[in-house]
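Next up is one chain by itself, shown in structure tokens, the form predicted alone.
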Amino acid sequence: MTLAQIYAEQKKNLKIIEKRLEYSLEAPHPILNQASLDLLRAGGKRIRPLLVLLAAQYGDPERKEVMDSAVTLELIHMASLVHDDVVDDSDLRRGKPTVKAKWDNRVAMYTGDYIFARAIELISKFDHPKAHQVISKVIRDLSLGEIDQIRYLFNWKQNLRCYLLRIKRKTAILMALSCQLGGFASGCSDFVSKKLYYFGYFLGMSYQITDDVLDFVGTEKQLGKPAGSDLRNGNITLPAFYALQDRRLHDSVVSVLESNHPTEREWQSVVESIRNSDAIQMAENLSDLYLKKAIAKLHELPELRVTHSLQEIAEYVGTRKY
């Protein structure tokens, strides 16, 4: 089954989730309401709700808690994006103006907080103590990931462990939670839910590394923002980290990171040099390693039709171009 077929099969459920997201984001304040709905209408792959729906097929996917969990996960993701755009000072998201660009940082922060609150309100009806514990931990770790990103901005001396911990907190654990919560919501055993968690975790690590590679090799049209935006904002992602280990690139990368006012030409030159270096292949190799770990976890799950769908998603992550 192809990725397009997987989405088509879940089309009805995803449409319901989209409607429920719109309902959940309605706010009594006009600016808050507009900011939240603009974010929703900017679109997205809805990969996290899809993971919830697929993981739930190891149990009873018709349980009400499954749809609640899918909506909650996307709300948490959306809230984290709003806050992330403030931290990164990003004006574009998916080619559209960000909340902070259209209004200001204060509106963006309150919008993110509001969406987080709506997610917690929705999932509060879920009678599963462990689910609440893991959701709380993920929201906490998302915050720590954002603080870490601020802490290490323009810090070219950070090590690989700092980067991996940051993307774990910012991306991987939310995908892990999507799979785990799908298991909890559908009544799966703790054994199956734990395997689903680790599949989602390894998938999320690969997903974020691929994002960081695409930030250098993708086009502005594909990315919805200029290539190399992360580095320009001082965020040292995996390709930049590997480039810093290359004696031929080290000095030029450090120069722009330490400069108070690097020119556009200097930025473009550094981004281009990283794009054409071994750093890209090295980052892709680590992404592939995480993907192999994710697929290995699937082999520990019951052999169902949905297992092949999850493997298809993993393979898509490893080959996507935007």
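Numbers for residues come from their place in the sequence shown, where the first is 1. Just so it is clear, the model here is predicted, and its values are computed rather than measured.
What comes next is about the form predicted in complex with a further copy of the same chain, which is not displayed.
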Partner-free chain; cross-checking a further copy of the same chain in the predicted complex, the single residue of 121, 190, 91, 220 with a heavy atom within 4.5 Å is 121
In this chain shown alone, the residue from 103, 110, 198, 156 with a heavy atom within 4.5 Å of a further copy of the same chain in the predicted complex is 110
Does any part of residue 160 reach within 4.5 Å of a further copy of the same chain in the predicted complex? Heavy atoms only, please. no
Notebook entry, point to check: Can residue 32 be called a contact residue for a further copy of the same chain in the predicted complex at 4.5 Å between heavy atoms?
Noted result: yes
Worksheet entry | Contact of residue 136 with a further copy of the same chain in the predicted complex (heavy atom, 4.5 Å) | yes
Self-check item: Heavy atom of residue 246 within 4.5 Å of a further copy of the same chain in the predicted complex
Solution: no
With the partner absent here, would 117, 146 and 151 each sit within 4.5 Å of a further copy of the same chain in the predicted complex, counting heavy atoms only? yes
Of 309 to 317, 21 to 29, 295 to 303, 5 to 13, the segment with heavy atoms within 4.5 Å of a further copy of the same chain in the predicted complex is residues 21 to 29
